[in-house]
Structures are given as C-alpha cells and as structure tokens.
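Okay, here we've got a single chain as structure tokens, the form predicted alone, with questions on binding and movement later.
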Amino acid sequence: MDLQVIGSQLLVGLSRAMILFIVSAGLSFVLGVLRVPNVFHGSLYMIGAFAAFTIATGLGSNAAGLWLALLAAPLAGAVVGLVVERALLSRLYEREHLMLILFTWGIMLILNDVVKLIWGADYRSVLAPPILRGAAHILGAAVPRYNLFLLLVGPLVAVGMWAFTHKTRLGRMARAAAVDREMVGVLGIDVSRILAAAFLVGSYLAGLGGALVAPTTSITLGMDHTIIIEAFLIVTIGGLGNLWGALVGALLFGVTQSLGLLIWPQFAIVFPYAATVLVLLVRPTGLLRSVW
C-alpha cells in the first residue's frame, strides 16, 4: 500500500479525532463535575452545526461567514444547555444515574423535534473559508487544509481546558465540587452556580464540535445520535471524567476508524468498536484514571 496514501488517511483520521475529542471533552467534564451522563449532549452538538449553517449562509459569500460561525454557533449550544440545566436538570442531581439517563434521553428527543421545526429535515452544508479550501501536501501526502486546521484547534482546546481547570479559580472550584460538594458549600461557595458554569462549559464544547464539523459533513437530523454513542464510548475507554483520557480515547477511535477504511472499507465502522471492546476487556475502568 502506498505510504503517502496511508499518511494522508492517518492525518484525516487524526483530524476527525479532534472533533471527537472536543465533543467528548465536554461530555467528560460534565460527567466528572456533575456526575450526569448527559445524553442530550449530542443534541447540543447538532444545534451548534445548524447554527453554524444559519450564520455562515446568512452572510452569503462573505469569507468571514464561517469564522463568525465558529465563534458564535457554539454559544447556541451553550445557551440551550444552560437553560435546560437551570430549569430542569438542576432539580434532579440527587437522583440515580438511570433516571438521569432517561431524563436526558427525553430532552434529546424534544430538542430533535425543536431542531426539525426550526431548520426542517433537509440536508444542509457549509463551505469552509477560501483560505482553508483545497489540499496541502505534506511529505507528498495530500491533506485537506481544513483537516490541518482541525489538527491545530484540537490541541488548543485540550490545553485551554487544562488551563481552565488548573489555573482559574472557577476551574479549581469545579474540581473541588467534583470531589466533595458539601465541603465546597460549607466554605460559603455557591455550589449550584459552579455546577451551572461547568454545564455551560461542557455544552459550549458540544456546540463548538458541531460548528467545526459543519464544513466536513452533511448537517442533518440524526447526527446527534451518532456522535453521542461515539462520545460515550470515548470517555469510557479513556476513563470517566478524565480530560486526557478523552483525548487518548478520541485518538484511538479516530485513527482506527480512518485506517479501517484502508484495510477493509466495507467493514471500516467495525474497527473503532472492536478497539473499544479490546480496551475494556483489558482495562474495564478505561486507559487512564476514572474520577468516578
């Protein structure tokens, strides 16, 4: 097999892994701090993608359309997530995980209908800005420029999340609340606001993933189902609530999916799931330390 083709496919797989990581990082953060398995996290990703479409196409052929969409569309996911958290989810934090899964599953179905009412059931697409269109050649391998852009954004998000959780007061309080909410409350800190802020950050990352994926795929109803399954698998094999575990899991998932297309295209979808099964057989709690 041509090494240039393998290299090109590997880079595409890594760029796909960056999208998976950004979405999974948000899910993992909410899991770690709030202990909520948020099934409608995928809906926030879908809302981010549709919002990016509306903003980008609203500006017509203006090259700034996607750049503005990347900045503004994630806010749509963040706002929707915060409204649901404040109005409904915050009342259920003490309930069992099974009930939280069923509740957030119901929210996902409702949001799916809301998206259908607003944007309809047609397929949508967004063009990348001119500077990111076409392919670049790296060691002879042709790689779409937009995929290289994703390879830059993913590590920036990882470093940004680490800095937020370790270097900011809000991030440190969120980590403390993840360990012992009562102790944080005794210190006079409003735990409810900390949890709301953590959910806002997780929702923003979901929307950011949706906005970033918009120029690479069709934007359609149902894209939330696929991403939420992949995100839950990634945070599970990486270690529940572990940011770096989400990165490792996303890289494993994205690369095996991409290389599977070269090895056995008809069954490429099986490769990442087979890798997930193997990891969980060897390390049932995930590759890195789980905070659960």
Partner chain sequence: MRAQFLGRSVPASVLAAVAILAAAPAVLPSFYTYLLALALVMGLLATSLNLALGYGGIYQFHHAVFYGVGAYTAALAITRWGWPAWAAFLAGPPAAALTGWLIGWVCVRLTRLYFGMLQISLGSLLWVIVLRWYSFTGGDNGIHGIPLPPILRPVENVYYLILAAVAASLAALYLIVRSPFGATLQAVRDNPQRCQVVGIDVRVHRLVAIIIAAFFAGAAGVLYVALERSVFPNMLFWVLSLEILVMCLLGGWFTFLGPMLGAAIVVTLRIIAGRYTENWTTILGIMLILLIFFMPEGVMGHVQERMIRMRSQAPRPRPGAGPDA
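Positions refer to the first chain, counted from 1. All of these numbers come straight from a predicted model, not from anything done at the bench.
Below, we turn to the form predicted in complex with the partner chain, even though it does not appear here.
In the model of the complex, the partner chain sits within 4.5 Å of a heavy atom of G106.
Although the partner is absent here, L240 sits close enough that one of its heavy atoms falls within 4.5 Å of the partner chain in the model of the complex.
In the model of the complex, the partner chain lies farther than 4.5 Å from every heavy atom of I189. Taking non-hydrogen atoms only, D113 approaches the partner chain to within 4.5 angstroms in the model of the complex. Contact check at 4.5 Å (heavy atoms) against the partner chain in the model of the complex: none of A25, V153 and Y204 pass. Scanning R172, R95, R124, R145 against the partner chain in the model of the complex with a 4.5 Å heavy atom cut-off leaves one residue, R95. Checking 125-133, 179-187, 162-170, 84-92 against the partner chain in the model of the complex, the stretch whose residues place heavy atoms within 4.5 Å of it is 84-92. For the stretch 193-232, the set of residues having any non-hydrogen atom within 4.5 angstroms of the partner chain in the model of the complex comprises H225, I229, F232, in sequence order.
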